[in-house]
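One chain follows as structure tokens, the form predicted on its own.
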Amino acid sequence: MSKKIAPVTQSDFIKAYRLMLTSRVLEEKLAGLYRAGMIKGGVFLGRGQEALSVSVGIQLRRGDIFAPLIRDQCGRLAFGDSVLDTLRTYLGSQLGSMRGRDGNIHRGRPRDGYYAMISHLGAMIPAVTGALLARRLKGEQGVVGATCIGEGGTSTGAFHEGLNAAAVEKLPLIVVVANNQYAYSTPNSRQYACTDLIDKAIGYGVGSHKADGTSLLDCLQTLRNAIHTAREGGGPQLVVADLLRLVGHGEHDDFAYLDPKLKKSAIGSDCVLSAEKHIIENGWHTAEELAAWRRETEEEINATADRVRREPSPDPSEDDWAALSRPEYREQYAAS
């Protein structure tokens, strides 16, 4: 590698933690709105996966590609999404980026490299692979693309085809696997037979990185290494982080199938609480200061939610929705 990889600093850690805190409080609000019947469709929380998610989004650059998954609210915020647009999308506001038209987990801004999720079953790997190849053909350099999946997604054809194509073309793709122990309710023992998911990297000829998904510091440094390697010409990188999803698959799922032993194990640690402990033990901030940050965040999110709830929802009789984005394309189609 031509450049030395900088270590994670106190400033890096605090910035990432603040995003984790915002994501956690925001998702608590979303869960409450869902239970109150104010959100249509599913709500899928990233509780327990914030450290991994933020470590992806916060270390990508302007011009890079990010294709998040259903539990990547924290990475979305780190990549430039906002609390306001998140709430507008979940509550179906006509003023949001999706204009109240699409499911709440499919939001994005493709022109900014923020891709709307097609599916959580590995489908974004070939999508980002194709986008990176297109960037190369256009002569763009220094761009990386990252996408996230769960361990269940590594069993799909899309995972194989996308990662294999990226490996053959030596594209700067980062595939981040949140090994959260359950593909919906299917445990890992019924999901894959290899000793460790990181072993799959060898078969595809891509770089491999293992992270402790409960540790913000380890996730930040591991993703920094993977992104740097891909950006410097090292080809695709597979990152696997072991952790535990701390909630059900969605707010409709009671998580009754959770093995209590996993909850009590090391991977059952809450990454947000672990990050707070790290901050306090290092003397960077006090518990009282962290509690004040949470209160400020709660006030901001509650106020934003109240504002969005007063905004108009789309009127299908007046909406100018069109599948073709450019007017000249729509005109050509109408004339044919």
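Position 1 is the first residue in the sequence shown; the rest follow in order. Every value quoted in this text rests on a predicted model; they were computed, and no experiment measured them.
What comes next is about the form predicted together with a small molecule, which does not appear here.
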- Task: May I ask you to state whether N180 is within 4.5 Å of the small molecule in the predicted bound form, using heavy atom distances?
- Result: yes
- Message: With the partner left out here, check for me: in the predicted bound form, does some heavy atom of R245 sit within 4.5 Å of the small molecule?
- Response: yes
- Does Y184 make contact with the small molecule in the predicted bound form, using a 4.5 Å heavy atom cut-off? yes
- Message: Residue-level question: is A127 within 4.5 Å of the small molecule in the predicted bound form, judged on heavy atoms?
- Response: no
- Options 223-231, 159-167, 115-123, 205-213; stretch whose heavy atom lies within 4.5 Å of the small molecule in the predicted bound form: 115-123
- Proximity to the small molecule in the predicted bound form, single hit among I70, I39, I279, V308 (heavy atom within 4.5 Å): I70
- Note on the structure: Note: exactly one of R107, K200, H249, R135 sits with a heavy atom within 4.5 Å of the small molecule in the predicted bound form, namely H249
